[in-house]
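A single chain comes next, written as structure tokens; it is the form predicted alone.
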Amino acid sequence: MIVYLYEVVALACIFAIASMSLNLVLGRAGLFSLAHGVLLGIGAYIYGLLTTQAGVSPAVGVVAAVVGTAVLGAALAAVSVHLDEEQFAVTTLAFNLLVVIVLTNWASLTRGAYGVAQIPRLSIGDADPQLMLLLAALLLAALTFVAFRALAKSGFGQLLVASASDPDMVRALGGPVWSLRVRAFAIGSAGAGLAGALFAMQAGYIAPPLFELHLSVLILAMVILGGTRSVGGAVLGAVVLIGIPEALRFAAFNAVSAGPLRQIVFGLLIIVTIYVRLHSKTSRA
């Protein structure tokens, strides 16, 4: 039971990091991205491949996942942030689909549909690996929270919000709207890469289906549930959408019904969350 709680809390921390990083992209920069789940997957694959095939240490693998995902995210943003909201969303959706196809078919590198197994966790001496992962996830989630709260209150964060609300005015005043958005997306991608590395550690196994569109929708629902301008809300959204389905394991009458019940309630949570937030936004407008 204790080990299970470790895993659930660590998973909530991992998705809190992913949610906070998307909160910057969506809530501050105004970029409706449907690629955050696959960016998390890129981070997971960078970590998994480097630690299992290149023999690098877990710590170096985490750094590589953060940097590599940030670079890829910046490249995606550089060619797409000038598009309008709908075009940008479609572009990130296409990117999500394309990366999953590449992960599935580039078998010589990614092992294709077989996935990457036996991914190592951080370890210090004889310490319990589950406890070490939990402590690492808690620490990194706390540091991410502090960093993104500071970023939101900084001049960069305020200018980012202004560029999302009225980009023409910011351009007229000499503000670098394109550069602001690219930097924001790169920072958000770095957060997704960090979450991906931790996700790969916890799962011990990754495969392309894990990072299909449903994962991006899940992270998006976490952000919308907590409020797109609230870093703390992004954490709350992650805790709720990870915690409730796991709690339903104990609400099911038997093991056979547990899985379907969790999937039904989980899907309903996402649908209701997105509907309520979008409806309230429309009402205010």
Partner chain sequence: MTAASGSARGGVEIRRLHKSFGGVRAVWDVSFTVPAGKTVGLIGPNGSGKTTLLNLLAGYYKPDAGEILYGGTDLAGLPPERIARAGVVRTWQDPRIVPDLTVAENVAIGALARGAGMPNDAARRALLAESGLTAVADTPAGSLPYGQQKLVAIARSLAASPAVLLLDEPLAGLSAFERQHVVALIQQFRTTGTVLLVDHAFGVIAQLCDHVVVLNTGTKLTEGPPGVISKDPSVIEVYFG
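Residue numbers count along the first chain shown, from 1. Keep in mind that what you see is a predicted model, and the values were worked out from it rather than measured.
Omitted from view is the form predicted in complex with the partner chain, to which the following refers.
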inquiry  = Although the partner isn't part of this model, could you tell me whether residue 127 comes within 4.5 Å of the partner chain in the predicted complex, counting any heavy atom of the residue?
reply    = no
ask   = Can any non-hydrogen atom of residue 112 be found within 4.5 angstroms of the partner chain in the predicted complex?
value = no
query = Hey, in the predicted complex, does residue 176 get a heavy atom within 4.5 angstroms of the partner chain?
reply = yes
inquiry  = residue 146 versus the partner chain, in the predicted complex: is there a non-hydrogen atom within 4.5 Å?
reply    = no
remark   = Checked 74, 142, 131, 159 for heavy atoms within 4.5 Å of the partner chain in the predicted complex; positive is 159
ask   = Pick from 117, 135, 170, 151: which has a non-hydrogen atom within 4.5 Å of the partner chain in the predicted complex?
value = 170
